[in-house]
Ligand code: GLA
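Heads up, the chain below is alone and in the form predicted alone; it's given as structure tokens.
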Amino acid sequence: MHTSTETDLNRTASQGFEARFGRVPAVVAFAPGRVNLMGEHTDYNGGYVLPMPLGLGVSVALGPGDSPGDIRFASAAFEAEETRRVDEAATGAWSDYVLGALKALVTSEITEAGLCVFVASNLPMGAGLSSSAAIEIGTLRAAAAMFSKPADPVDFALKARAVENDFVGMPCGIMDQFAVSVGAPGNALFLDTRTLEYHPAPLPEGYSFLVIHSGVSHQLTDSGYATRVAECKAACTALGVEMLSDLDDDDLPRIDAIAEPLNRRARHIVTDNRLTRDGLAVLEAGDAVAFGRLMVGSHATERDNYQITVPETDALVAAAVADGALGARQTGGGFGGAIVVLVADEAVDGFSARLAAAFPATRLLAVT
């Protein structure tokens, strides 16, 4: 079922395509953003994650091109149009994510006829809500529809991750792409990133998750993300394991014995894996209060062990909990971006107003 947001965004993309290229698009496809409720940076360590699709997202409109091998890119967010060859390498432009996804699925078709692309989004860049994954999955869905390709959600998640890793050069895990491609509205998604086993997790009745931008944007390719990936690999070598998710609480004494900061990085993975497993259990039990406590614990290990929070997100989380939120934590890759907060439904409006008054740089992005 289409949400009103999806319908409106698809219309925006279709109208933008027609205005820019002078013809209606052949197809329009939507993909949501996501917020991560638990399990941060565990995905590239083979661990557990608990993301949730959002109503916000990206719509991608595609239509026939003007010349073989050329792709014309336009977006509602930018005045300038780009034209690129299908065989180009990444350049650091926003269109890299679209180009990489197209190359993964329909290179030969574009080589023969070319393509026009228009992208519309209501996902803020730099908020940690997987705008890049949404662009990739939206593009794959549109291309599959236009060229009659199989559209398997798990396969699309794997293709989108390969776009990030091998084309864009971002050493991310599978969580974002999997949540965007496979996740269902109204549920969280518990995923074992090593085996790709997954199942929906119910959201607590009578409570809402608020996604609040801290006012500090991040750009993961310019941040410490790649450094954290390298540190985790070094910790694996020091501990003699293939992946840090091979470890559990019984291994904490020997984890603490390795050098700083590798010990902290490994401790975070063990801790957040445990919190995420516990989070699934309490969601299935309908215990929102317990889930909130686990969110606070997850933020603490992000801050103290993985060191990916910033003063602004730390202050927001502390203020949210002090104001009566059941739980709060920084969400996404870190180094800025958004926090996610769990509050009772009847408290949403008052809570949001008080937090906005206390932190004018913040912005409420979504209520789920």
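What you are looking at is a predicted structure, and each value in this text was computed from that prediction instead of being measured. Numbering starts at 1 and runs along the sequence shown.
Absent from the display: the form predicted together with the ligand. The rest refers to it.
Student: Within 4.5 Å, heavy atoms only, which of Val282, Ala201, Ile258, Met170 is in contact with the ligand in the predicted bound form?
Tutor: Looking at the other structure, the residue within range turns out to be Met170.
Student: Go through Gly57, Gly336, Gly39, Pro53 and name the one with a heavy atom inside 4.5 Å of the ligand in the predicted bound form.
Tutor: Of Gly57, Gly336, Gly39, Pro53, the residue with a heavy atom within 4.5 Å of the ligand in the predicted bound form is Gly39.
Student: Since the chain is shown here on its own, which stretch among 314 to 322, 327 to 335, 64 to 72, 23 to 31 would lie within 4.5 Å of the ligand in the predicted bound form, judged by heavy atoms?
Tutor: Going by heavy atoms within 4.5 Å, the stretch is 327 to 335.
Student: Even though the partner isn't displayed, in the predicted bound form is Tyr225 close enough to the ligand, meaning a heavy atom within 4.5 Å?
Tutor: Within the cut-off, so yes.
Student: Met175 near the ligand in the predicted bound form, any heavy atom under 4.5 Å?
Tutor: Although the ligand is absent here, Met175 would touch it in the predicted bound form, with heavy atoms inside 4.5 Å.
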